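Coming up are structure 1 and structure 2: the same protein chain in two forms, each one given alone as structure tokens.
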Structure 1
Amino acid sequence: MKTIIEPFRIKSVEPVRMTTREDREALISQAHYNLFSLRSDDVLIDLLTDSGTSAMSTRQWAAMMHGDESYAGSPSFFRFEAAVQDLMPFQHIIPTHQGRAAEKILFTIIGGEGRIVPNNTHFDTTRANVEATGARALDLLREEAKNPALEAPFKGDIDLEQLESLLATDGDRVPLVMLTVTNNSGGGQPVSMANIRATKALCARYGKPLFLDACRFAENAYFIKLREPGYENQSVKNIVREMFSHADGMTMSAKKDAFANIGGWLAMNDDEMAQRARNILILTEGFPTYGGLAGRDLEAIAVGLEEIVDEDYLEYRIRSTAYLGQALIDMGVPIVRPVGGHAIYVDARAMLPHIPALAYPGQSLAVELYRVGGIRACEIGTVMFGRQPDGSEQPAVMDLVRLAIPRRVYTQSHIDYVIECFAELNAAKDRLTGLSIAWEPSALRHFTARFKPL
């Protein structure tokens, strides 16, 4: 069959609120043209993030009733630990309230002035947590990954030559090497098993641990199955296990590929590092058998990890993201290619060449998407990255708009609606104008800045 159906049926529904174009004109103006300032019940299709927005299954909700809220030694923790170790066989599994809490603990231990942490591309909280310790976060993406239109199977791969030269010249400053699977900031692109293996071999040669930032590990494993010779007949579960067998530890946001609305963990094999991590955990998150979570959250994650490696789900997930991407390509909307796992990244700079980067084409596109159809997306471009430490302003490398797809939430007709809105917008794109910033805070301006249409 050509039609990939949602491999679930709907037992509980959450109404979405319809608005008119006039309503939305008023709402976005009251929000000072910042999509983060909208109330989410004024949004019809929310593609702001795939993080924490998954629909949980009946099994997950049922498991939550088994949540044991004991302070120490809860059976919910042991179920969570066993589910993680079934896929990621690390010695120490340390639960945190979300991914960035795991990052904070890890980099408090291994970061510091003068250190350098290489990664394919740091996610923004990862970068911020590295930099908060005084260390440097270095992105080592290969050249081909910097061309949004180029089709290549594994644009998330780290550049091994640059990594090797860093380890050879400055190795004593590198406490560990990270790989983000899939590479969110680079367009949701996967990392190949060959690249993970070769990175591990380099790390072993230089005596460095390899950690995976594993938020979207199952989507990455499914791309390996689809695209990497030798893996076509392997189960996703085995591919996941192999990915983690090459690593010495991981950080995780359970808000992505664990189908949970909150949660995360830090895992590793090194006993001494784990001891230090648990000491910090007790100060900032909680006792080691619950970390930053309730027993019921640990239960939801344990079941979510069983469900995420289901190949019918993953086929639907990857194919339905590609369905939106292909429709946009067919109507001539430039997007980052090939389509990644969790999101479509529209190249707003290429789509709106008449709007200069410093008039924020990505923001203009995101605002218009809301006006046209009540769709909320996220600018990843000059608004997010353009402000320099000295207060000046420079175009970001790219001006993208991310349409992130929440897991198991929207049906194909919701996506068809998004496609229809894009067609309307695309036909009138030459009339879009840029924006200026009327007010901005001193850091992380994209969350709260106020804009004015030009």
Structure 2
Amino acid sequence: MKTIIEPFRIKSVEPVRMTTREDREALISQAHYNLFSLRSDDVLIDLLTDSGTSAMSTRQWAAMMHGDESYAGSPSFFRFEAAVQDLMPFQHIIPTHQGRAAEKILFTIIGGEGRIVPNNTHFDTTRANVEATGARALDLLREEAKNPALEAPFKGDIDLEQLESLLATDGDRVPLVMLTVTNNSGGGQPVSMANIRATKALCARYGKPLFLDACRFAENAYFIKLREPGYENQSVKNIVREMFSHADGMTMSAKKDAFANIGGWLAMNDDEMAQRARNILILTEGFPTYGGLAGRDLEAIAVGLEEIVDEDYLEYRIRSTAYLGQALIDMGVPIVRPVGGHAIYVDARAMLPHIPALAYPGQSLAVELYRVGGIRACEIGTVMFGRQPDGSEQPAVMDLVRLAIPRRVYTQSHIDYVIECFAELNAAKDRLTGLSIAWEPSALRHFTARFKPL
């Protein structure tokens, strides 16, 4: 059938407070034109992130009642560990309170002044945790992925020629190689199995471990099933296992493809690195069998990992995201193509060519979307990535606005409302002006910076 139906029933609802255009004009001004500074009660449809905003299932809520809060050796940890290792066969599973804590521990161990960490594209906290150690976060995205309008099946792939050149010339400065699946900053684009295998082969040749930043691993696996020859008859679960069989470790935010509201982990096979990681974990997060999480959270993650590889759910997830993307394409709104799994990325630089990159077209578009319809989105562009480690500023590769769709939260009528708001915004886009930064912190400025209209 052509109709996309949710493969679940809704048993609990949360009221949404309706606001007027006048309300939103005042609210966004009070928030200094930063969407992160809005109260969520003042947002009608929240597409700021899909991280920690999913709706949990009845099975997850029931599992939370089994949560054992023992400080050490809780059975909840062993259920969590078994669920992770069922998909990701790493020897050491180290729970953390969320993904950035796993990143902090990993880069504390392997980072440092003069080191280089290559990735297809680092996301914001990954980059910040690399750079906080004095190391350089280097993006090696393929050229085709820098063209938002280009249709290609695996625009998340790392550029293998650039990676090999780096390893050949500066390999002694590279402690490990990372791949982000799916490639969030690159438009939510998947990484092919062929690229994962080839990256692992290069790492093996130069003696470097390969780690996956695996927040949306199930969506990536489903794209492999849909798009990569030879995988069309494979189960998503088997594809996931193959993806991780090529890796030496991973970082994970369970707030994405584990349907959890909090949690994450660091996993690896190296015994010595794992011991160092656990020492830091005890200092900063908690004991190795809870790692900053309650037992009930570990239980919810364990069930979420079973549910995320359900192919009926993944078909619904990918098709419903594509529904929004196709509607925007049809009205002439430029987006990153093809549509990714967890979000639509509007190409703000193409949509607002009269606003230069250093006047932040992505932030301007996101602010206007809130004004028009109370929809909160996230800029992924020059605000997020323009500031360099030396304090200078330059335009990002792309200026995007991400519409991240929380899992199992919104229905088709909510998305139809988003489409209607875009139609109104698109008709008046030439009237939008840019923004300047009135104040910014020293790192991760997009979270708390204050803007003012030009």
Ligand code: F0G
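Under this definition, the rigid core comprises the largest set of C-alpha atoms superposing within 1.5 Å between the forms. All residue numbers here follow the sequence of structure 1, with the first residue given the number 1. These numbers come from a predicted model, not from an experiment.
Note that the form predicted alone is the one shown as structure 2, not structure 1. Once the cores line up, the CA of residue 383 ends up 2 angstroms or more apart between the two structures. Once the rigid core is used as the reference frame, the Cα position of residue 12 differs between the two structures by less than 2 Å. With a cut-off of 2 Å and the rigid core superposed, residue 89 has a Cα displacement that falls short of the cut-off between the two structures. Core superposition places the C-alpha of residue 439 3.8 Å apart between the two structures.
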